[in-house]
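Shown below, as structure tokens, is a lone chain in the form predicted on its own; questions about how it binds or moves come after it.
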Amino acid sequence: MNVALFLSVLAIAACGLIYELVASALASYLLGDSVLQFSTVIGTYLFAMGVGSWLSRYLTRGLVARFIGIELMVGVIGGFSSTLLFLAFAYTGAFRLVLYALVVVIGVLVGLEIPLLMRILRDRYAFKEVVSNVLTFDYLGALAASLAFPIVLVPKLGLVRSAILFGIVNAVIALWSTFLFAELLGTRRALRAACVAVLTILTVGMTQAKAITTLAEDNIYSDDVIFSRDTRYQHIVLTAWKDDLRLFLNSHLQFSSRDEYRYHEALVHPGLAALPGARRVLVLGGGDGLAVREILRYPSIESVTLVDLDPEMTRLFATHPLLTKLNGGSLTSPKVRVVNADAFVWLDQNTEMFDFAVVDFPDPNNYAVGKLYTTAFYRALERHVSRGGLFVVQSTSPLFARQSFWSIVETLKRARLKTYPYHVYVPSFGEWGFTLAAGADAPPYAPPGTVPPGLRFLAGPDVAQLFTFPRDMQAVAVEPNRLNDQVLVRYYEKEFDAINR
């Protein structure tokens, strides 16, 4: 009984932390700025737990029945928390209100659990044993949850099913407690019936989780959702309408199949066409294989190394029929090597050299991505580019995010690189910017006069025009983005918040 009892404590702790992580991850996916979302959600949750612990002093009678009732409430509210958050984001303008209301309610209930359980157990065990054992298993449960959440739960179950699964765990603990503490309960039939009812509701919710997320996503995205998956790193959604296929990562549009060729031709060819001797190319990010498709147009290319963090992303774009048609099966080319790793870590641990590199990361809307736009990152990348080589960086919009764009350019300059910023119009995004960079001792860049045949957008004479900026997109005074002070993320957040108002 001792083992089962303290394993219950471990499970309770795991449940509480899972609900906290689910809320933080969902807020990060839907609102961006993961540091802000995790910090505020965790802080609010811990505060609410403190309130719950303080309120526990006012519960003086029927402690076991109250404990069981709290477990059931945590199971229902926590279990359906991610469902409620998805629906709130899809159908209301009050997502933040619902988010923090749920965090506070769940935190207060979780804060009540351990003090009540310790008071229930104090008549069975010496006080020092109660405290040491309960707190030990509480911390072990938190550790187990923190490891299982990114490695197993999110990739295998997704956020909705993960929360509901742990709601079921809470309800099972409540039912188990009606037997474990039977002698301390008056009427047990009603409590057990309530436990069975909650378990039934949560089980039905588990079976309908896909329908719930589909309902929410159908309202979030204007087109039909044909694929949706949570991975360890992001929320991937593909939508389709007629001949338009769109990719969204964490609710942010990454491309539209109707005009992605403009973006990817502009990303690759101004740099690579200027390097007729290029043989080895590195692509960082770009797990969709679209930049690789453009690189493989050059017969001289012998190898392409693609480094993308998310294996689900590269697997999807290497196997899904609609996506392999779009990228020309580039990820399964014998010339292409796919590495699933953090680009920053990979650069630090490898010594390979490349003639050309493409940096195609998502926009710097949070600090996890912002680190890949820093002086430290660009210096690390330069060490992998051969003398006379070039690399190109996706640099956001010089029109809608003017400070962000020129901050990226300034960051490259502070990394002691020569820079050649340019821009192109992509209908799905508007004006979009890129920056070519080369080592300080590299020869000056000259726009190529020719590009590979068969392009839909770029022609050789057009390339030079991309490097001319109208007055409303010309350089402004900005700070560089450094690893210890990611000013770029703040620029980006301010500028796109202004657009969305």
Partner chain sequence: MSISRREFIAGLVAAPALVGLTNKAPRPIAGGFVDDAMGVGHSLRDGRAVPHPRDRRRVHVAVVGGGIAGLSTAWELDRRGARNFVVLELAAQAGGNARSGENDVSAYPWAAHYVPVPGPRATLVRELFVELGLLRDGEWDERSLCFSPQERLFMHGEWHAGLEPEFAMSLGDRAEFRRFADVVAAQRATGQFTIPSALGVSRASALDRLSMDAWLREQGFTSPRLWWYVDYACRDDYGASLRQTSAWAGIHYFAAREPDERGPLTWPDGNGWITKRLLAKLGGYVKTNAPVSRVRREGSRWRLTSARAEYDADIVIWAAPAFVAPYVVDELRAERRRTGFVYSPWLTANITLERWPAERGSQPAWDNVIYDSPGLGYVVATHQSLRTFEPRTVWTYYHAFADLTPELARQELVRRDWSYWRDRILDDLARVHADIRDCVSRVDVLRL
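Numbering follows the first chain given and starts at 1. All figures in this text were calculated on a predicted structure; none of them were measured in a lab. Here, rigid core means the biggest group of C-alpha atoms that superpose within 1.5 Å across both forms.
Although it is not shown, the form predicted together with the partner chain is what the next lines describe.
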Residues in which of 376-384, 187-195, 167-175, 295-303 have heavy atoms within 4.5 Å of the partner chain in the predicted bound form? 376-384
At the 4.5 Å heavy atom threshold, is residue 366 in contact with the partner chain in the predicted bound form? yes
Is residue 96 close enough to the partner chain in the predicted bound form to count, meaning some heavy atom within 4.5 Å? no
Would residue 331 count as a contact of the partner chain in the predicted bound form, using a 4.5 angstroms cut-off between non-hydrogen atoms? no
Can you check whether residue 345 is within 4.5 Å of the partner chain in the predicted bound form, heavy atom basis? yes
Option touching the partner chain, based on a heavy atom within 4.5 Å in the predicted bound form, out of 416, 335, 315, 229: 416
Answer with one of 119, 402, 320, 371: the residue that has a non-hydrogen atom within 4.5 Å of the partner chain in the predicted bound form. 371
In the predicted bound form, do 233, 309 and 483 all put a heavy atom within 4.5 Å of the partner chain? yes
Would you say whether residue 179 is displaced between this form and the one not shown, judging by a C-alpha shift of 2 Å or more on the superposed rigid core? yes
For residue 385, decide whether the Cα shift between this form and the one not shown is 2 Å or greater, given a superposition on the rigid core. no
If you line up the core, does residue 376 shift 2 angstroms or more at its C-alpha between this form and the one not shown? no
